[in-house]
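We begin with a single chain expressed as structure tokens, specifically the form predicted on its own.
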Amino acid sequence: MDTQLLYFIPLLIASLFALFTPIIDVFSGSNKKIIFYTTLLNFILIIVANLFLLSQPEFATPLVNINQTGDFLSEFLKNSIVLSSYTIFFDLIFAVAGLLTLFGVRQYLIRENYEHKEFYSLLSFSFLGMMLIAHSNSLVILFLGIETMSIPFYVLSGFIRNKTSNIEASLKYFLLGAFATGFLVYGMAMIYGSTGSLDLSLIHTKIMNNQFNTIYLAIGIGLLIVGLSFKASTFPFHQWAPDVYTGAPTVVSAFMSTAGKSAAFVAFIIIAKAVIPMNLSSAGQLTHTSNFITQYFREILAVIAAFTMLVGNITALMQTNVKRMLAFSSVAHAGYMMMGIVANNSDGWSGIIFYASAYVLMQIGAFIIVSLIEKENDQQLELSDYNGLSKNNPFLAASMAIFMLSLAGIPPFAGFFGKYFLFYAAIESGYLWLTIVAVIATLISLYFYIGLIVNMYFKTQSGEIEKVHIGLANISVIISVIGVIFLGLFPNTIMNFAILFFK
């Protein structure tokens, strides 16, 4: 066997599990534990395989593309699939998000009396789509990855079919998602018409050498920004996110708002690196046309980021429902990550990697705690329901406090350094005004994040507070808490890798 086949192990594992999980579902009968542990094995194997690849000497240099070192792949795959050090890191982020979600989901579905095995198959397919996005070097593969991720999300949003809120969330997500897909397809068609290629590496080369149609390229990039902004839930294409995250099953909201959002920003990075070139290239200075396109769209993205942060945090400020507050908060965090795209440099991209890592841990942890406290028929979701939580559920209250402080950007937790790296990248690239807006948005967010902590520790309920049974979800909460603290105390453990990836 060609040794290069080893580098395909993560994609092969994800593909095989996605294909065979429904078959295992059929033959497992009524035994739901088999399909649960099969999905668990999928995520664990992906993590182990990627850690193994990361230890290989080939990946000790920036952006190694092993497709260029052999010929066992077809020409199509050589030009379409990237197997690099940064793809390994994103695979790990998606797998960890899937693992944390899986530990929290079973107890939630059992409580809702709706544990159907299809859930795990849908989770595996959406995970495969995220991996395809990270590994894509072609607009075709990128589109396939986005749709492979999104279609299971449409179903998962309405998974509990006897709840009106779930059905509404699913229908809204599907209709708006299909509309956004049209923008993506037309944008890709325009870029193909401008450059004559779907290969992102070739598209980048043609843009650097001014071998493109300016009008088609500008329209294509604009349409792609609209489509990807929807997937990342940035202003003004964010309206679906709070409704969908609030209406969907809480554990599904946890996965969609973290792994799904991270995958959307991976797509943003891939597109930005190809069609919005940096100030200098290996060929020297950019042409006047290329430089104009770069600056024009960076300004558009900067405005989107600013409004996303402000609108997300200001709207979250007015929420009394904890799940909806976290949903609007998720919109605001998309704005913070957008700053890395605006910076359009290695600091910005590596900042997104760190922020995505921290965000997955703190947001999934927070949503899983919400799912534990939540009761049937969307009860126990108001801020007032968290009054005095620290008395009968001290572990959950302490964990939620850590997640809220991290989301607010308070040291020494991971969220602080996530914001710091992105703010630094924006300032270095000349966007001081955007950083000032981000700081103002962060100050606004302190009110509702710390407000929840105040409810848990300094307010009381009239009745007795029920002791919450945690179960397997305890694993997700503990891992998330440890991760948030560890990344806050030792941020360089990720940044040293991330900076290397994008040098």
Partner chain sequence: MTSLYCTLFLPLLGSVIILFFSKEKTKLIKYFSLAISLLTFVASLFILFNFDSSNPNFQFYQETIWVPTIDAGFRIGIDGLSMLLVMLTVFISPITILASFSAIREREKEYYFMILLLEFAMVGVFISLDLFLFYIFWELILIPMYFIIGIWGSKNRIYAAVKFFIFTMFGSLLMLVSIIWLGNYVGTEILETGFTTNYLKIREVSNLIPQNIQGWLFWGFAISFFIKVPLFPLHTWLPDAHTEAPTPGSVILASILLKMGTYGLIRYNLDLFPTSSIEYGSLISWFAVIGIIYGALVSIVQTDIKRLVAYSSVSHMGFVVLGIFSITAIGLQGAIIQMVNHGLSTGMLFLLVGMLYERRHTREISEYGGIARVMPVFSTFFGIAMFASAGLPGLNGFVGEFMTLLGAFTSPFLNSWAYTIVGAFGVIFAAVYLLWMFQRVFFGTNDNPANFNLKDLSKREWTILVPIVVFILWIGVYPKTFLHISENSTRTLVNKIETIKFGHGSFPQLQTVELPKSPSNAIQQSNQNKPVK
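Just so we're clear, the structure is a prediction, and the values are computed from it rather than from any experiment. Residue numbers count along the first chain shown, from 1.
Below: the form predicted together with its partner chain, not depicted.
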**Report entry** Sole residue of Phe297, Phe235, Phe159, Phe423 within 4.5 Å of its partner chain in the predicted complex, by heavy atom
**Finding:** Phe423
Report task. Go through Ile475, Ile47, Ile470, Ile450 and name the one with a heavy atom inside 4.5 Å of its partner chain in the predicted complex. Result -> Ile450
Report task. Select, from the options 423-431, 302-310, 151-159, 186-194, the stretch whose residues sit within 4.5 angstroms of its partner chain in the predicted complex by heavy atom distance. Result -> 423-431
Query raised in the report: Taking Leu11, Leu19 and Ile34 as the candidate spot, are all three within 4.5 angstroms of its partner chain in the predicted complex by heavy atoms?
Result: no
Query raised in the report: Is Leu405 close to its partner chain in the predicted complex, meaning a heavy atom pair under 4.5 Å apart or at it?
Result: yes
Query raised in the report: Taking heavy atoms only, is Phe395 within 4.5 angstroms of its partner chain in the predicted complex?
Result: no
Query raised in the report: Can Ile479 be called a contact residue for its partner chain in the predicted complex at 4.5 Å between heavy atoms?
Result: no
Query raised in the report: Heavy atoms within 4.5 Å of its partner chain in the predicted complex: does Leu176 have any?
Result: no
Query - Residues of stretch 441-457 in contact with its partner chain in the predicted complex (4.5 Å, non-hydrogen atom) - result: Thr442, Leu443, Leu446, Tyr447, Ile450, Ile453, Val454, Tyr457
